[in-house]
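Okay, so here's just one chain, in structure tokens, the form predicted on its own.
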Amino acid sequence: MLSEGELFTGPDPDEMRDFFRKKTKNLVNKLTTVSKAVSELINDGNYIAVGGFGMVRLPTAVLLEIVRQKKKNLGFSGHTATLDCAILVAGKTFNKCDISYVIGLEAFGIPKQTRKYFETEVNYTEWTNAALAWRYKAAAMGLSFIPIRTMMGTDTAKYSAAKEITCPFTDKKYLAVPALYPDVAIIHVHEADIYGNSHIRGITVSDQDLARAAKRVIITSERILPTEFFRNNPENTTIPFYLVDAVIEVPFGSYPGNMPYEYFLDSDYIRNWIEAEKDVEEYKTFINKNIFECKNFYDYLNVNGGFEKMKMLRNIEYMIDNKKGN
């Protein structure tokens, strides 16, 4: 089988090992601001990947700031990417994408302008969600590829950049998917300390592999905790400090997405986004109001209901009747 897709990132493990060998692993205070993290760690032309899953644990503050700072010509990993993808499209920030699950905003529908952007301005290569996860896994293991059986015999494989190989032990056929080493990973977590030790409650999806695969890691966290939270309970360390380059405390940082055990997604906001994308002028007005006219993430929260809205979404997550819980 010959695949036709373009490979956007190099899978050379020795090149990456050399980079990681030289990366500082000092235990230093990495607290910063969203603006500085985006300005200093994300460059035009970089390849970025976002943690979480669909609308769960979105690092919204960083995504909005990427658009606000007008980053361009990025590569983007479309691994379970929904609203994160739509936000980055709003600024036309990326022009190449490894796609597996993109454009659709879950059960809410297809955002029209986002789809049009992919049809006209994005160079993409196709994968499945599992294949992209295995690509992170290969990178986290320090390999150049990993053999898989998903996608075999499908058109997805044809439009990917995978290569068919034969097992030297059994003569069985496999697809070799190349390691994916992003320049920058952006991950939202429940708790972190000032050094970057991070804790995710519930499903981690591919975030542990993603943090190990990326050259630079930006963590946004619902809260900053004392290091003793990790030191006294090592099992709390989902992502260790030496992988992390920047830490920012961003309460309600996944809004309008869901943060498990913290707050539910804002379904009204998602519907408004879908509706705005139906008309070019309404879409421009919506994006200006929600991104460019907000000087930071807290402005954005205030524009969309502020603390009162966040409390309502928290009650929904906790299954508290909002009529009785206010």
Partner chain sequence: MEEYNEMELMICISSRLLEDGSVISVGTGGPCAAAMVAQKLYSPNLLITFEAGAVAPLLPSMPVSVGDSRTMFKAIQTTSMSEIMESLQRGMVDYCFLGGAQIDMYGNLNSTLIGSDYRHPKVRLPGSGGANDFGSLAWRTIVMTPQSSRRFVQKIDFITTPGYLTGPGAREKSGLPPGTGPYKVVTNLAVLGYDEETKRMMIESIHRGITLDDIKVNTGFELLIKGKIPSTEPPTKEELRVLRDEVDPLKLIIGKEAV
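Numbering follows the first chain given and starts at 1. Model, not experiment: these values are computed from the prediction.
Another form exists, predicted in complex with its partner chain; not displayed. Remarks below refer to it.
Highlighted residues 129, 152 and 173: every one comes within 4.5 Å of its partner chain in the model of the complex, counting any heavy atom.
Contact annotation: its partner chain lies within 4.5 Å of heavy atoms from the stretch 111-119 in the model of the complex, the single such stretch among 88-96, 225-233, 179-187, 111-119. Checked against its partner chain in the model of the complex, the candidates 48, 61, 265, 37 yield a single residue with a heavy atom inside 4.5 Å, and that residue is 265. Screening 199, 215, 137, 71 for any heavy atom within 4.5 Å of its partner chain in the model of the complex leaves a single hit, 137. Within 4.5 Å of some heavy atom of its partner chain in the model of the complex lies at least one heavy atom of residue 107.
For the chain shown alone, residue 16 is not a contact residue for its partner chain in the model of the complex, no non-hydrogen atom being within 4.5 angstroms. None of the heavy atoms of residue 191 is located within 4.5 Å of its partner chain in the model of the complex. Its partner chain in the model of the complex comes within 4.5 Å of no heavy atom belonging to residue 161. Shown here without its partner chain, the chain has 202, 203, 204, 205, 206, 209 in 181-217 lying with a heavy atom within 4.5 Å of that partner in the model of the complex.
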